[in-house]
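As structure tokens, one chain now follows by itself in the form predicted alone.
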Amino acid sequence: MAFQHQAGTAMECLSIPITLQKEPGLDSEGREVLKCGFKIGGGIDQDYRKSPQGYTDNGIYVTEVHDGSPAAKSGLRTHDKILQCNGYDFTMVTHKKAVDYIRKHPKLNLLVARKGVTST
């Protein structure tokens, strides 16, 4: 079960593959950057009990998806739990490590778990 998962233990769940190609954009200071259009929360260094979204474990969760963004076009949804990014295990990472990893890659091959989805 992907939700209420304890970091470091085996998990069995349906994972949804999502490919997200970042698009050029400008940051708040006018510099050109590659944008993905989503925000994340969580991580093994965070206290999930303080999560305003009510998450039940220390996974990395999508907390916001911007309309019309590469994330929205790829099918990523708010509250998806990111299990892997480009083959890198996201079930045992800190928040900063997850953000840094997402920022450094122009293309993201994600595996996510989605509440309520048990088959494709």
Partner chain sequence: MVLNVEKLNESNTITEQFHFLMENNFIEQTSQHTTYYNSDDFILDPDSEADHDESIVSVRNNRNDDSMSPYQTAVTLEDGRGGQEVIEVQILPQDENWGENTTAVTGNTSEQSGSIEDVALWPGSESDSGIKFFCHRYITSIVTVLLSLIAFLSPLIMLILPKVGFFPSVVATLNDHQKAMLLSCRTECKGMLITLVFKMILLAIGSWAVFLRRPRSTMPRIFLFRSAILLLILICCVAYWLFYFVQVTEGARGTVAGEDELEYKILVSYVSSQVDTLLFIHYIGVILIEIRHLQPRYYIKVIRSPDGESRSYAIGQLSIQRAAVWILERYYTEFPVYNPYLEQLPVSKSKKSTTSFKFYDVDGFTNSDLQPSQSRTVLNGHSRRRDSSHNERFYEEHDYERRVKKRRARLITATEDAFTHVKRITHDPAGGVPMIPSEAAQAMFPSMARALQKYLRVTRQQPRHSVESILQYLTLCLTHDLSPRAFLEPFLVTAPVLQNEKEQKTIQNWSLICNDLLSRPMKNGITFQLRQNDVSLLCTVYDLPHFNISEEIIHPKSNRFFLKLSSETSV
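Numbering follows the first chain given and starts at 1. Computed from a predicted structure; not experimentally measured.
Below, we refer to the form predicted together with its partner chain, which is not included among the displayed structures.
Its partner chain is not shown here, and in the model of the complex it never comes within 4.5 Å of any heavy atom of residue 110.
Mapping the unseen interface onto this chain, residue 16 falls outside it, with no heavy atom inside 4.5 Å of its partner chain in the model of the complex.
Taking the partner from the other structure, its partner chain in the model of the complex has a heavy atom within 4.5 Å of a heavy atom of residue 37. In the model of the complex, at least one heavy atom of residue 46 sits within 4.5 Å of its partner chain.
Although its partner chain is not shown here, in the model of the complex the stretch 47-66 places heavy atoms of 52, 53, 63 within 4.5 Å of it, in sequence order.
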